[in-house]
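A single chain, nothing else alongside it, follows as structure tokens in the form predicted on its own.
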């Protein structure tokens, strides 16, 4: 199934050979990379800019449907009983000339399973009966739509490079571990199979290959602290559609580095946050355009295991002090905004609320409008008191708060500065620490910060909750993870047993992971979305303060035939694909012949 508008392509796409002398597409992307990196996609130092341009997924998921995909390495798939049979595109090669086969998919699934990825919670086994066919057997109770979503989006890596890490019994250990994990994750982690998986992942994540052997439209030429250079690879199955001779990613480690590139017209595209002053400057240039696309939620996660943030009233009080509207307006202005205020923090974006909750349900949600009086009443009822202008905790110590934010996300830093001023004025002495992005998750998982920033985006609303409240999920989950780099850490530390409206007392990470894996769209999903939305809204394990709207600045000086825009720069299908997927969305634009060098 293809998303709406994906079949539209620019007319009369010129042959690639006509653009041999064309400049490489220059990408000034925000949130770049640090001074060290690894060419190992299983390493935490893997540069994400290479995703889906060097290594391809089986398919690209397209919004807004949970079941819409565009084939990539897979040519087709279908359900056969409780099996998902994936047929691979024939004749594909890796960039070293070796054939792409089902062994690549099988080995990738096994190796990613050692760190809790590839959604092994959705299936009980994976086999490769033929060189061009892979079969995933659904775990009992897992809908086929859920299995498709969990399997097809994954990038595949060459067995010739990583297959040596597949130990002789890894397939059996993987099956044993995940079968046990479905019943008791703690027991599974401590089992022989769990320890075997951890040992494999430890060796795998430390491996440092000297070069990349991909299968996508581009090959890596070189990488420095300043740029990543990719050149077009003619062996890509859809190379005739790709109009760019290459891509240069410029290291936008700070948005302030990117703005001169835009104003000086030395870059062709950027996804960086655009403050009102930059928006105004670009609108005065006829060659610059800005697409506004739906994007993701910004969340601040409490360290729910650290006093006093283990108290629901304290978390609610902070939600009442957060000046969400002021934070968004101060950062994004009112012209060409890059974000919208979250109307009522519940873990869902407004468009997802409207899809899964009724108007009557939405009306019941607490908007947490700015209300210091309510915050004061909550803290006093929890035993806090004011000493002068500062709050004192029941244990007699001053109430302080530390917030960790990624330093390169200057819009988030600016928003948080507004929040810090509000918290300080209320009497909670707050420290803002802007740190490299590579440190955000480690500090969150190991409990260094009181609050940490994360983003969430998913077409499946239950997976949206699981991405924070669960142990697993596409982003790993942040609540009591049991596999991978942060196995054994508390992360979010919410629960794990808590009272969920409509469900009663349950193990939160286990329950949301199971539901996200087993519940397909329908009435049951709608009810569960309402249950979890009430949990987030009432108990505030994290605060969702805004819904990010991606601002994509693109120039028509060197490149033309960008995907069209709707009224007032609103995104059309391909721009929303880019906003949801990142590089996979860019890949779809290229596969449809868009973004062509000027003759």
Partner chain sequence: MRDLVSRLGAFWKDLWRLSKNDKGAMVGGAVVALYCVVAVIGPYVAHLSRVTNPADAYLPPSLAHPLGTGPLGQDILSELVVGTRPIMEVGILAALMTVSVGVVIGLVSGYLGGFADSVLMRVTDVFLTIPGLALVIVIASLVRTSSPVVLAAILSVTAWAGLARAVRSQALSLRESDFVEAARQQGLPLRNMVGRQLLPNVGPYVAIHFLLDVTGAIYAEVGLFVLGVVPISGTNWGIMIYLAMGQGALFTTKSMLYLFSPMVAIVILQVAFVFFTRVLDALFNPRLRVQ
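Positions refer to the first chain, counted from 1. Superpose the two forms; the largest set of C-alphas matching within 1.5 Å is the rigid core. Note that the structure is a prediction, hence the values are computed from the model and not measured.
From this point on, the text means the form predicted in complex with its partner chain, which you will not see here.
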- Contact flag, residue 377 vs its partner chain in the predicted bound form, heavy atom cut 4.5 Å: no
- Message: Taking its partner chain as it sits in the predicted bound form, is residue 256 near enough to touch it, meaning that at least one heavy atom pair lies within 4.5 angstroms?
- Response: yes
- Message: Is residue 277 near its partner chain? Define near as a heavy atom within 4.5 Å, in the predicted bound form.
- Response: yes
- Message: I'd like to know if residue 260 sits close to its partner chain in the predicted bound form, meaning any non-hydrogen atom pair within 4.5 angstroms.
- Response: yes
- In this chain shown alone, the residue from 417, 133, 361, 234 with a heavy atom within 4.5 Å of its partner chain in the predicted bound form is 417
- Message: Quick check on this chain: which one of 515, 410, 102, 507 has a heavy atom within 4.5 Å of its partner chain in the predicted bound form?
- Response: 410
- Select, from the options 499-507, 517-525, 425-433, 312-320, the stretch whose residues sit within 4.5 angstroms of its partner chain in the predicted bound form by heavy atom distance. 425-433
- Message: Within 4.5 Å of its partner chain in the predicted bound form, counting any non-hydrogen atom, which residues from 310-329 show up?
- Response: 326, 329
- Message: Once you overlay the rigid core, does the Cα of residue 114 travel 2 Å or further between the shown form and the other one?
- Response: no
- Any chance the CA of residue 236 moves 2 angstroms or more between the shown form and the other one, core superposed? no
